[in-house]
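Only one chain is given next, in structure tokens, and it is the form predicted on its own.
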């Protein structure tokens, strides 16, 4: 097991304390909603990081699987099924469809896999907008029930009618996702993922099954995307085809690239930093996209490993300077 330096652990502890106490110092409901959405996007981007960053497969259908989870929870809870049953069921449906898509598409390599998954995402977006009886068409589904209360012995129950408990629900899901992915990445299977990413023929030569490894990674990534999508639908209370669109996929991809691929903290940094920066540049209107595009080009050229990779490089340079 890899260990972190003391100052890194202290930084993570400070961030965790700041996250746990956030409802006390962020009174603005709008900003609070942005933070909660960033938590859900961080979950989805963490799943994308598993298949793209650690496995090296450019899946461009992540938004589609996010949408499957969102529509799954919306349809099941509107039919009277409890959110706590609908959420894992929707995530499993997303994973199973990912399994069916991955069976043929993962036999391709490189840009071909990206094109196949992109096409699947576009097809799903069209279906979501035109299957009116199931998805409500382009109007979507409204009035999705909030998560039902959780009974707690002695204290009564935890209810999810306000923003604060929904925030803690999203935070708990993100922490659980990071914990599971950390255990996965730093396991033998995680090393197999990176071996396939770095040199697939060599990985095959030493006994790793590249196809099975990529398929398992793809299914897990889509399960996480479906989980995030299901929570998104329940917290927002509505879902439309935009939740399953290719623009959602590209937003996730930008969060991942700018945050830092193949790092556990990169997706979280990207999913929080970019939406907040965009909100602060609202006064610029459409011109903010010019600044955002320039920032994207700058980071890709000078910090190809994203913000987290840039901070690591800076930390290494400071450490080398101190040793001189």
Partner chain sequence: MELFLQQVFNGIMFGSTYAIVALGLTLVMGILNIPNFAHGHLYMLGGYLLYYFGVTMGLGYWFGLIFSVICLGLVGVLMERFIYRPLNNQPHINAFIAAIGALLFLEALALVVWGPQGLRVPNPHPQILHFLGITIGIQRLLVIAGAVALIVGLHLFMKKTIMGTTIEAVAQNREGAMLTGINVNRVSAMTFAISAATAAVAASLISPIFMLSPAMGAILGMKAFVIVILGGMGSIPGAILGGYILGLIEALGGGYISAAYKDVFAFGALILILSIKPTGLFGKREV
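Keep in mind it's a predicted model, so treat the numbers as computed, not measured. Residue numbers count along the first chain shown, from 1.
Omitted from view is the form predicted in complex with the partner chain, to which the following refers.
*Answer with yes or no whether residue 301 is in contact with the partner chain in the predicted complex, where contact means some heavy atom within 4.5 Å.*
Close contact exists here: in the predicted complex, residue 301 approaches the partner chain to within 4.5 Å, heavy atoms only.
_the partner chain contact in the predicted complex: residue 186, any heavy atom under 4.5 Å_ = Outside the cut-off, so no.
*Tell me, yes or no, whether residue 58 is in contact with the partner chain in the predicted complex, where a contact means a heavy atom of each within 4.5 Å.*
Contact check for residue 58: yes, within 4.5 Å of the partner chain in the predicted complex.
*Contact of residue 26 with the partner chain in the predicted complex (heavy atom, 4.5 Å)*: Residue 26 lies outside the contact set for the partner chain.
_Just to be sure I understand the contacts: of 153, 143, 207, 104, which is the one whose heavy atoms reach within 4.5 angstroms of the partner chain in the predicted complex?_
Exactly one residue meets the criterion: 104.
*Tell me, which of 89, 238, 178, 123 has a heavy atom within 4.5 angstroms of the partner chain in the predicted complex?*
Checking each option against the partner chain in the predicted complex, the one that comes within 4.5 Å is 123.
*All of 246, 250 and 253 with a heavy atom within 4.5 Å of the partner chain in the predicted complex*: Answer is yes for this spot.
*Thinking of the partner chain in the predicted complex, which stretch from 263 to 271, 32 to 40, 279 to 287, 63 to 71 has heavy atoms inside 4.5 Å of it?*
This holds for exactly one stretch, 279 to 287.
*Is any part of 97 to 126 within 4.5 angstroms of the partner chain in the predicted complex by a non-hydrogen atom, and which residues would that be?*
In sequence order, 104, 107, 108, 109, 111, 112, 115, 116, 118, 119, 120, 122, 123, 125, 126 come within 4.5 Å of the partner.
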